[in-house]
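We begin with a single chain expressed as structure tokens, specifically the form predicted on its own.
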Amino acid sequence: MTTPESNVELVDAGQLTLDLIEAQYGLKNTRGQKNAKSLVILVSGIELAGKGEAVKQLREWVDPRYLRVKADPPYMMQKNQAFWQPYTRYIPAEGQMIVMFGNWYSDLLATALHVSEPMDDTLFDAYVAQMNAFEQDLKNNHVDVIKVWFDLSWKSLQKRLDKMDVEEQRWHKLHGLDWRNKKQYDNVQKLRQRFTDDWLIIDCEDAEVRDQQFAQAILKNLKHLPHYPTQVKTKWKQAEVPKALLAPATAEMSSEDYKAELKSLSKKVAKAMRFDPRKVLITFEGMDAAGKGGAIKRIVKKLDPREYGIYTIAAPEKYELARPYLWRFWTKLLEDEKISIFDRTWYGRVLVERIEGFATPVEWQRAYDEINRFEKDLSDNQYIIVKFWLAISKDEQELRFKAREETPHKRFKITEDDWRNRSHWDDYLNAAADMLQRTNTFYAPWHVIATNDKYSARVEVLKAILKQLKAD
């Protein structure tokens, strides 16, 4: 039958559970396929509306082994943490699904309702826009997001509170609110209406209708398994390769000058990073053997090993490939780590993955904007991002490759893939040109260090870090 209040056609529970389990296994079986996806279900709403009961019923209707439920109290939004950072490690892999009782919208509501000064409307709406953009990026990377608001009228809420034991009411506080307070109830409704246009709003007066409407929405999404587009309709406009990349400098710094500069700069850089109130994120990209490892050693020379983390990024593992490509970087940005250094980065999406065909044209061409949003979120939340592209000439790379092969403690640095990649030299120059043009932003600018001299490159890296930390 169809209920007039919600326009939901109630179906036989046995048939519903069969359909849900079949669809659930259909999702599970997409792993590694062209229509693979995962599902994140965000749950929020009025206290006592029945969120927990609806999720409990859903878990009884599906195979509970393949439905994760995560519940968190609301986090107050922090100035040094992007809204998505507490949650991204829980983004499910292809074929999996998760229900999040606590989520970024819960945090937004909690912060807006409890800060000493009310959150400015413009700021609130800016957060909502960022959240929508983040969710669209998730969807583009095969993570569907369903957002469900469980609603309940003021009158019904008061009746349900009347039936509860006073002690039990202590366990039912959404955002720490007093649900006997009509003004607070109205504030919640007023605020949530500013972000729930694309949410499923469930009227929770009738428990059976509530549970079925929730389950049927999940079922509909589980059945939606489209193949993703791989080609773009518009022709790609290649950026011009910067002259510095085509002809790196050849002037050499003397050993004496280098040692003097290094001693002074390494101390200044360590002090600047240590005492800057922001988190410092330093990233390196560039041609193989361009000196990334050597530069990193000089950056951390005067730091205590407990003050920083270094991440050397290789090809993604299988479990990482089953999630959005940024996931393996989201999860490395640790809350208590002041300085993070990446040897290779998320820019692999528009470099090696583009060149080797590991990412489709749709994926890598979309990635520039995704990366810019990612870095902007970090910059807005007390990260300073220092990005380096290290460039050397093709002849200089060959000399360094041969030197590595002939040096016992450096042989591990050279592989057959390194030699093979030289055949893609021009492709990497073109990809680097596009990357530099499309992701050089005021909040995360690129520093191009183009020189065949290792000493000069290391000194210029330290100077650039010092300049950016002082200038911002």
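Since the model is a prediction, treat every value here as computed from it, not as a measurement. Numbers follow the displayed sequence, beginning with 1.
Another form, the form predicted in complex with another copy of the chain, is not on view; read the next lines as being about it.
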Checklist entry - Going by heavy atoms within 4.5 Å, which of 411-419, 443-451, 33-41, 430-438 lines up against another copy of the chain in the model of the complex? => result 411-419
Checklist entry - What is the one choice in 398, 307, 261, 144 with a heavy atom within 4.5 Å of another copy of the chain in the model of the complex? => result 307
Checklist entry - Exactly one of 101, 87, 389, 185 has a non-hydrogen atom within 4.5 Å of another copy of the chain in the model of the complex; which residue is it? => result 101
Next on the checklist: Does another copy of the chain, in the model of the complex, lie within 4.5 angstroms of each residue among 324, 329 and 358, using heavy atoms as the measure?
Outcome noted: no
Next on the checklist: Does any part of residue 425 reach within 4.5 Å of another copy of the chain in the model of the complex? Heavy atoms only, please.
Outcome noted: no
Item to check | Distance check, residue 403 to another copy of the chain in the model of the complex, heavy atom within 4.5 Å | outcome: no
Checklist entry - Just to confirm, residue 343 within 4.5 Å of another copy of the chain in the model of the complex by heavy atoms? => result yes
Checklist entry - Does the 4.5 Å heavy atom contact test between residue 62 and another copy of the chain in the model of the complex come out positive? => result yes
Next on the checklist: Given a 4.5 Å distance limit between heavy atoms, list every residue of 19-46 close to another copy of the chain in the model of the complex, or none if there are none.
Outcome noted: 21, 22, 25, 29, 31
